[in-house]
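Listed next as structure tokens is one chain, alone, in the form predicted on its own.
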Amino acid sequence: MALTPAVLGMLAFTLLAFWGVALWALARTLRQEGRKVDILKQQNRMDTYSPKALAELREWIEQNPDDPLVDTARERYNECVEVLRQTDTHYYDWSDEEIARLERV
């Protein structure tokens, strides 16, 4: 039983789409990880949260003062604030104004 041209075309498209997306995702991930390694080699520390994620973490800390994990969250938040203040190169897009406005919790 031979496959029709339409089935072969769909098979080719599916394979190309799958491998194309997979290779693109792999290349992008490797570039991002390479950038992180370069930053760590340069200054041994790196920001761990994006501006949005750090704002969400602070909001969670403020809204959940009795949660058993709040002390750990506070430590992570304050650590990221200190790293942002002490380093020159950041992985995420932080402006000097955003960093200056940050306060420890």
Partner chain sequence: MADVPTKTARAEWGTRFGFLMAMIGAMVGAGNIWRFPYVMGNNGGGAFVLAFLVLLFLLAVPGLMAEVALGRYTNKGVIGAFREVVGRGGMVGFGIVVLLVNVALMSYYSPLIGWTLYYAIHSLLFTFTAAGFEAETFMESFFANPPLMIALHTIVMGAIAAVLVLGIRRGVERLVVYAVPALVVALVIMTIRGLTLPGASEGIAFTFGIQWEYLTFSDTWIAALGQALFSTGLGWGIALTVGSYLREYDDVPLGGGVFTAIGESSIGILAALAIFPVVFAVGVEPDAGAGLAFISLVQVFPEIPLGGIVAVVFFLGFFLATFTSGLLITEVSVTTVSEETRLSRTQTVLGICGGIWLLGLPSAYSADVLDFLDFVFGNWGLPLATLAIIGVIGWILGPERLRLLAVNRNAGIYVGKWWDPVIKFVIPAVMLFIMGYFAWENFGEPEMIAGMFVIVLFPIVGYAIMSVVEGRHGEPDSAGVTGGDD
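Positions refer to the first chain, counted from 1. Just so we're on the same page, rigid core means the largest C-alpha set that superposes within 1.5 Å between forms. Being a predicted model, the structure only gives us computed values, none of them experimental.
One more form of this protein exists, namely the form predicted in complex with the partner chain; it is left out here, but the text below deals with it.
The partner chain in the predicted complex is approached by P68, whose closest heavy atom lies within 4.5 angstroms of it. Contact annotation: T14 falls within 4.5 Å of the partner chain in the predicted complex, judged by heavy atom distances. Using a 4.5 Å cutoff between non-hydrogen atoms, V7 counts as a contact of the partner chain in the predicted complex. In the predicted complex, the partner chain stays beyond 4.5 Å of every heavy atom belonging to R35. With contact defined as any non-hydrogen atom lying within 4.5 angstroms of the partner chain in the predicted complex, the contacting residues in 63-88 are D67, P68, L69, T72, A73, R76, E79, given in sequence order. Taking the rigid core as fixed, one finds a CA shift for M10 of 2 Å or more between this form and the one not shown.
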